[in-house]
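So this first bit is one chain, no partners, the form predicted alone, shown in structure tokens.
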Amino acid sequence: MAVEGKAIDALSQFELGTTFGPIGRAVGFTHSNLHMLIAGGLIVALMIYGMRPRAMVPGRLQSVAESAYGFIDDMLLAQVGPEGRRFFPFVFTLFMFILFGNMLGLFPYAFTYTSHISLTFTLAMLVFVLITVVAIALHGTKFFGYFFPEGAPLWLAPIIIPVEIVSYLSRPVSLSIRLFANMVAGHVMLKVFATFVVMLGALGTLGPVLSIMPLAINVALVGFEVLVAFLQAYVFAILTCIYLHDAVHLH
């Protein structure tokens, strides 16, 4: 709990620091990098060891692995169609990487790498570049017709085209800020109420009694954050699928 005097320091949890001593400092290996590797290792382990039994009646790990696979596969089919299956590895990796990053940050002393705008914007730019390349590769110069809907009056072109271009270019901004803002806001609230527990608990006789309320709120917030962690990964993945639908079908 970060309490400096009588002030609550809720933002220090997002500060980047190097790890692995002098070697980490030399190469700039941060806590964020470490937790990305941990998340990647957990995802690989889940898929390898979860699917290894291939049992008719799946165990817990196999059920989780199959559910994650089926969830993204169904999402791509529903949003993009059969053509969307070619993008399954990208969307599945994106969803799992964000989900595990969100979930890891809920553990004590862990770091939420999805709380940094630099990472979320990088992920959003990957999506943006992919959908643009796919659209141009599939449709060529017809892609630029996306910015002026067929059948629209020609005299509206000076208004419609700039609006459509701005809307298209804002996709990575909205994707990145949505994920970043939700992760930061949730963790700030958790730390604020956790600090209230410590501060009220130190007041004396009535302290432990007064600290029950913020403690109960924090327990509820943890459950809410688990839900938000999944929802934000889902929103990022489904918006990626929607953008892929636009790129594949050009509408």
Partner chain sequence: MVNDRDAFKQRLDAARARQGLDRATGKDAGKGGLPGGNWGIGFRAGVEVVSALVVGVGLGLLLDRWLGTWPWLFLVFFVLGSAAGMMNVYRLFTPRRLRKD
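Note that the structure is predicted; figures quoted are calculated from it, not measured. Residue numbers count along the first chain shown, from 1.
The same protein also has a form predicted together with the partner chain, omitted here; what follows describes it.
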field: The single option of Ile242, Val228, Leu16, Ala10 touching the partner chain in the predicted bound form, heavy atom within 4.5 Å
entry: Ile242
statement: Exactly one of Ala137, Leu154, Val129, Val163 comes within 4.5 Å of the partner chain in the predicted bound form through a heavy atom, and that residue is Val163
message: in the predicted bound form, is there a heavy atom of the partner chain that lies within 4.5 Å of any heavy atom of Leu77, even though the partner is absent here?
response: yes
- prompt: Does Pro89 make contact with the partner chain in the predicted bound form, using a 4.5 Å heavy atom cut-off?
  reply: no
- prompt: Lys142: heavy atom within 4.5 Å of the partner chain in the predicted bound form?
  reply: no
task: Examine Arg178 and determine whether its closest non-hydrogen atom to the partner chain in the predicted bound form is within 4.5 angstroms.
output: yes
message: Is the partner chain in the predicted bound form close enough to Arg85, Leu169 and Val235 that every residue in that trio has a heavy atom within 4.5 angstroms of it?
response: yes
- prompt: Just one of 129-137, 155-163, 96-104, 112-120 has heavy atoms within 4.5 Å of the partner chain in the predicted bound form; which?
  reply: 155-163
